[in-house]
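Below sits a lone chain in structure tokens, taken as the form predicted alone.
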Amino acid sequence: MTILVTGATGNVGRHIVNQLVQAGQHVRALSRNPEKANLPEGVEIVKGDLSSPETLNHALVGVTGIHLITFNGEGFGALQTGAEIVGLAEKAGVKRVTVLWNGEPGPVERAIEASNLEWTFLEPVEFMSNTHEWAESIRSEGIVRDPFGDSLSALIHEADIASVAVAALIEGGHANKAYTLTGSEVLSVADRVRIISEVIGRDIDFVRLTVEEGRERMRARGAQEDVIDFVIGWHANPPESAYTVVPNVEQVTGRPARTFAEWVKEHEQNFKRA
């Protein structure tokens, strides 16, 4: 079968592509810039844009499963084209779809729930890969700046999110289920700084930003105001689900969720001085 992966060059999408290839699946990757995708040999890369559904017809030919992202590429706001995407998928004969949410239900999720597709919602509490935003200041100054040093999170390795997606796309038994996805431990920002320090063998100072400084930093990265409000609100007063470990990764994949220390070891060169 052919599986279409949207967001294929993103933090989770690349893992999904790689794991599907390793599982022997035919993978078609959607990209707005195919020439820059840099995906494994054998992956079929097609040009398309979820915010312009008319560009998707050719990408959906022969597809039986889709991994969908729910945010656009500019500002990370919610995609508004869910109904059109779902309509095209149903017309093309797609059977299964995994949906990576963007923090709260939006037009894509609502369209999927109203469809005849076999859907699986992936609801990670926080990506470990968000930690990359500290890399430059750790390398150059040995400092992490963040407004929420005490904020707790059961953050998850992006490869574990991908493993659940792959299982749902190629196995049965996951239709019409929503999986909250967490790592195996609850960590504060200070805990994460300590673990990075231990792995790279360097002292790291923590500097607490004001909330407005945190907002301004996100604006400088191009985030939309509604996205900034959501992220700031989440970390200022995280819901209990954000810091409650659940066993869904192990139950779906048969292996425990990876730890944050494992993630840091995989990426430690990004945090070390050149």
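Since we're looking at a predicted model, the values are computed, not measured. All residue numbers refer to positions in the sequence shown, first residue = 1.
Separately, the form predicted in complex with a small molecule exists; it is not shown, and the next lines address it.
Interface residue among V164, L100, V193, I112 relative to the small molecule in the predicted bound form, by the heavy atom within 4.5 Å criterion: L100.
Scanning V86, V125, V189, V144 against the small molecule in the predicted bound form with a 4.5 Å heavy atom cut-off leaves one residue, V125. Shown alone here, A257 lies farther than 4.5 Å from the small molecule in the predicted bound form, counting heavy atoms only. The small molecule is not drawn, but in the predicted bound form it has a heavy atom within 4.5 Å of N72.
Contact annotation: R32 falls within 4.5 Å of the small molecule in the predicted bound form, judged by heavy atom distances.
In the predicted bound form, I3 stays away from the small molecule, with no heavy atom inside 4.5 Å. For the small molecule in the predicted bound form, the listed stretch (165-173, 134-142, 101-109, 198-206) containing residues with heavy atoms inside 4.5 Å is 101-109.
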